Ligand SMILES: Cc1ncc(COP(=O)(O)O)c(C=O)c1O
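Single chain ahead, by itself, as structure tokens, in the form predicted alone.
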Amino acid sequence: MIGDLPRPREWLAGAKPYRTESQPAEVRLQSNEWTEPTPLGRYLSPADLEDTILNRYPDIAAGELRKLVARRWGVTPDQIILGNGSNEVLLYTFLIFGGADRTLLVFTPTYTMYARLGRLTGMRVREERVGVPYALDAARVRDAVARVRPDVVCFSSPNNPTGDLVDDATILAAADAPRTLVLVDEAYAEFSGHTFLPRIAEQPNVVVARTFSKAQAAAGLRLGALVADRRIAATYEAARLPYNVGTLTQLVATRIVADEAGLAERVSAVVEERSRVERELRGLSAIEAFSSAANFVLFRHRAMAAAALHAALLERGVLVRDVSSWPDAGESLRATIGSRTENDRLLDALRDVLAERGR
């Protein structure tokens, strides 16, 4: 009988799986990926496949990859923790610094996995409601930290889903709190041209998470990283699962890290298209669009519910992300910046919806 099954902790008993929107669509702008194909053959040759051995465990320390990533980011290899996607290194953060009788502070709307992982590890979650526009500054953070007294504070910079860059002074306002771990998730940092990484040396209670899923165009590779003061990084190493980054992933990632020209081209293309899409959206009187430093843009109809606009766009073959269920996101949609053709499809679909509604 179901009643005889072992009982999970209270929060998990009612929790639903994390899901992204997966409806079929001609234009898929819902997940903030690089939208043009990145075939594996771009980085691997037939000889690589013959020489890559799968019967042995991978390099447990991923030494070569960590060395290359450290050089790219201006840190040392012993500061880097690698994970199977950045969500894994986020999980380690909560396993190490979270748990019962500890408190997480987030500023909503933001990436919902922070609160989810906090609750998963038994933390009290305190959500400071910022809303859209995302007007977060040092004074507000300092006030919230003084009231909540958190053990962990999370920032997404640029923030998902709003696209706002969180400046260093705002992050430092949280980091000034003694014995508080501050996580800065920089999944979209390459598109902003700014990173907190150089400040870790002077602020050792800040850790920075990065990913290969966005600007590196390798969401299918599932590789993330976290950079920390080497003393903090040693604790992460103690918590890290053994052999968590596979042999093939390590090999492909070393090639991706070496492709600096490809990264620069992708970032340049996104920044250029982002500016154009924002400009076009602001030309639609019924649409309110928000400036972004990421590879997506947040927008909303001034009168139409997000679910209705999302459905209308999907009917026209364009899938975006409905974030209206995220705490304090309002009736907002988030669209990835894709190719020029894909972005035109989004803009044309929006114009068609507005014309149909007579505005």
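All figures in this text were calculated on a predicted structure; none of them were measured in a lab. Note that residue numbering begins at 1 and tracks the sequence as displayed.
Unshown form predicted together with this ligand; subsequent notes refer to it.
Residue in contact with this ligand in the model of the complex (any heavy atom within 4.5 Å), chosen from Tyr134, Phe97, Tyr236, Tyr114: Tyr114.
Only one of the listed residues (Gln79, Thr211, Thr93, Thr121) places a non-hydrogen atom within 4.5 angstroms of this ligand in the model of the complex, and that residue is Thr211. Partner contact region in the model of the complex: 183-191, out of 183-191, 126-134, 165-173, 196-204, criterion any non-hydrogen atom within 4.5 Å of this ligand. Taking the partner from the other structure, this ligand in the model of the complex has a heavy atom within 4.5 Å of a heavy atom of Gly85. Using a 4.5 angstroms threshold between heavy atoms, Arg222 counts as touching this ligand in the model of the complex. Contact check for Ser156: a non-hydrogen atom falls within 4.5 Å of this ligand in the model of the complex. Of the heavy atoms in Asn160, some are within 4.5 Å of this ligand in the model of the complex. Along 258-295, a non-hydrogen atom within 4.5 Å of this ligand in the model of the complex is carried by no residue at all.
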